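For reference, the chain that follows is the form predicted on its own, supplied as structure tokens.
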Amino acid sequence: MISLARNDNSVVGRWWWTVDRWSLLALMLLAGLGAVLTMAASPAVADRIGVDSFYFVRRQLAFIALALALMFAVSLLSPAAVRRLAVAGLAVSLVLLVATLFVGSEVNGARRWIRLGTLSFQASEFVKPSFAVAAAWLFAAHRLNPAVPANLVCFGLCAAVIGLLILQPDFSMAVIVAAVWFAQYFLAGLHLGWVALLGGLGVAAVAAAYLLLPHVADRIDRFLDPASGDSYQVDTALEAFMNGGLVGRGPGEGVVKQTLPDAHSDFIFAVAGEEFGLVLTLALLALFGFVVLRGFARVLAARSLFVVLAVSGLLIQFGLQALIHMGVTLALLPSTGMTLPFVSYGGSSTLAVALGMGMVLALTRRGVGAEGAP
């Protein structure tokens, strides 16, 4: 444990005595559990595709180390610096989203990745935290000065981000971005008439996606009627939970990961259930719940609307992504390609989550929420 005097005025000293150390510990535990579960789930996947058994393990350990360093560095920032970082990150991410449509690698009919040698980069992952903070800044700026058309700019940015995501197509990511934006707009004082209108537009958008996007319709149909299509992955995931029982079969003893294609990423929660049982799955759920609820408890003391909206958006995003991943694995939601934050394999996802949670730690440091400037 770090030991620093309370009168230490260094950057790290001030950070240590103002940051939420309990949230930091919970996030580090999630990253540690993610490393353990990657070691349990990924060798079988690596063997199936003909690479070294620990190929994914080595890469994910490197991603986790970089992510923790990034989260620490971002958590040192002031609210103004967090805002500037988010705006710059959003601008770069939007450019890369456009580039992905032209130079991205096509996988299963979707262009979501830009390849850089042996590495792949998913720009949409970094859009999520950057846009949440940028939207919070715009909503707060409009509240401070209604003459500034910040809400209109924010609406246009939201439409642009969602449009680019749908063109990839990445409908599940678009839903998360839209849900977080709507929640922030509501917290910023959205009139109930607009709530009803935007809610109706959201329902209409989902209906249009079902009618116009075959892969969306296929996933919803399979969720409503598993017999209508291939539900192998979800059925296999449910089998893993049944095999695991209360305490699991033991580390490395799971069998479902031998046949589950995305055992190390989209269905890593199933591996946790089979090898470590209900105990670990509930522990993961508790850790995600603790981070979200603790963050909301900390931000209640903030007097800056920007801080409240930014932290709320980032926490909703973090919790919603975890719930969607778990819900899909348990056949409670239609299948999506959503990773479990800090736990699933993936460099872009891990680093983007670290960026977002580093911003949460920075904005919830004791005293920073008193900064009134947007």
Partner chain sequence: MGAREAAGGAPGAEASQVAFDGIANRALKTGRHRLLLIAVLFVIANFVVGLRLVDVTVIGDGFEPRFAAAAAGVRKAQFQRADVFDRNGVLLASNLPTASLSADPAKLLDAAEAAARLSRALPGLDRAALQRRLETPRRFVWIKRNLTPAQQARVNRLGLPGVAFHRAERRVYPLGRAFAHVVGFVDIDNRGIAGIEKTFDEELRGVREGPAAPVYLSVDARFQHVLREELARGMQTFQAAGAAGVILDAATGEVLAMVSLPDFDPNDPSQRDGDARFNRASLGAYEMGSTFKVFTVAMALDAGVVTLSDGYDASEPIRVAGFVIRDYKPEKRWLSVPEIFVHSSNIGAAKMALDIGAERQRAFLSRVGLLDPAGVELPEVATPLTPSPWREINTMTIGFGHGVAVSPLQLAAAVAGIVNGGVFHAPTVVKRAPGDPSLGWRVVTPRTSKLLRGLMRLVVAEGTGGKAAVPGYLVGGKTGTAEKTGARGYRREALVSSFVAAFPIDDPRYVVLVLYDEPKGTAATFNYATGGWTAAPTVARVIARVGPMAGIPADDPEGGEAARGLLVKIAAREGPGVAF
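These figures come from a predicted structure and were not determined experimentally. Numbering follows the first chain given and starts at 1.
Another form, the form predicted in complex with the partner chain, is not on view; read the next lines as being about it.
Of the heavy atoms in G289, some are within 4.5 Å of the partner chain in the predicted complex.
Remark: L332 counts among the residues lining the partner chain in the predicted complex, judged by a heavy atom distance of 4.5 Å or less. Using a 4.5 Å cutoff between non-hydrogen atoms, V161 does not count as a contact of the partner chain in the predicted complex.
Proximity of D262 to the partner chain in the predicted complex falls outside the 4.5 Å heavy atom cutoff.
The stretch among 94 to 102, 148 to 156, 69 to 77, 242 to 250 whose residues place heavy atoms within 4.5 Å of the partner chain in the predicted complex is 242 to 250. Across the proposed site, L187, L282 and L300 without exception bring a heavy atom within 4.5 Å of the partner chain in the predicted complex. Interface residue among A88, L293, A207, L201 relative to the partner chain in the predicted complex, by the heavy atom within 4.5 Å criterion: L293.
Out of the listed residues L144, I220, A81, L119, L144 is the one that sits within 4.5 Å of the partner chain in the predicted complex by at least one heavy atom.
Contact annotation for 294 to 327: residues with any non-hydrogen atom within 4.5 angstroms of the partner chain in the predicted complex are F296, V299, L300, A301, A302, R303, S304, L305, V308, S312, I316, G319, L323, M326, listed in sequence order.
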